[in-house]
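Only one chain comes next, encoded as structure tokens, the form predicted on its own.
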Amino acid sequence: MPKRVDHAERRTDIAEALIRVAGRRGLHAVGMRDVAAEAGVSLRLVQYYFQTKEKLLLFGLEQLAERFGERVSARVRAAGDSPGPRAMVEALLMAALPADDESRTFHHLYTSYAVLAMTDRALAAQPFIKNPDAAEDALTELLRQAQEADLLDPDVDARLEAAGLLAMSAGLGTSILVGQRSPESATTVLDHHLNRIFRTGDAVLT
């Protein structure tokens, strides 16, 4: 009896190969033949599952974004059963910093995709982050919860503060990638800012 092929698993394996080789060489330098070699399959098989390079890139980066979401969830769980809004904000912002190989790969490929999409209409037409405002919405809600708990000044604009925190986190992430500062230094900057906007400064980023 012929072995049944798990097509979803095969697609995921190919996407993981894309992530590995793109993490080493850069997204712009990767072709479908490179991915096939990395995955140990034929070019024809890669083309069967992903008819174009754009479709392959989209699926691969969707997988990477999904793993990033799982990292955020893991950090939130690690904060305890009732961590409170400050700890939740810290978990979200810390998960976004490229402090290890997996998060560095995510930031590297995310940035590369955005740059390529500026001049490639096919890529621009298929953004891999389905809800780009999700992080801002979540952070805004956490800051509003902090205001309700009297942990944040009621005059603070939660939406603007959330946007500013995410922009700061993104900038710090880039500075880590290019070697300007260490993850520990970036953490200190984030902690300093959170201590300024929260009324209690007893929580420390770890």
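Start at 1 and count along the sequence shown; that's the residue number. Treat the numbers as computed from the prediction; the structure is a model and nothing was measured.
The same protein also exists as the form predicted together with a further copy of the same chain; that form is not shown, yet it is the one meant from here on.
Contact with a further copy of the same chain in the predicted complex, defined as a heavy atom within 4.5 Å, holds for exactly one of 43, 138, 149, 177, namely 177. With a further copy of the same chain left out of view, the stretch that reaches within 4.5 Å of it through heavy atoms in the predicted complex is, among 58-66, 35-43, 138-146, 162-170, 162-170.
Contact here is defined as any heavy atom lying within 4.5 Å of a further copy of the same chain in the predicted complex, and by that definition each of 112, 133 and 192 is a contact residue. In the predicted complex, residue 71 stays away from a further copy of the same chain, with no heavy atom inside 4.5 Å. Contact annotation: residue 78 falls outside 4.5 Å of a further copy of the same chain in the predicted complex, judged by heavy atom distances. Among residues of the shown chain, residue 122 is not one whose heavy atoms approach a further copy of the same chain to within 4.5 Å in the predicted complex.
Of the heavy atoms in residue 188, some are within 4.5 Å of a further copy of the same chain in the predicted complex.
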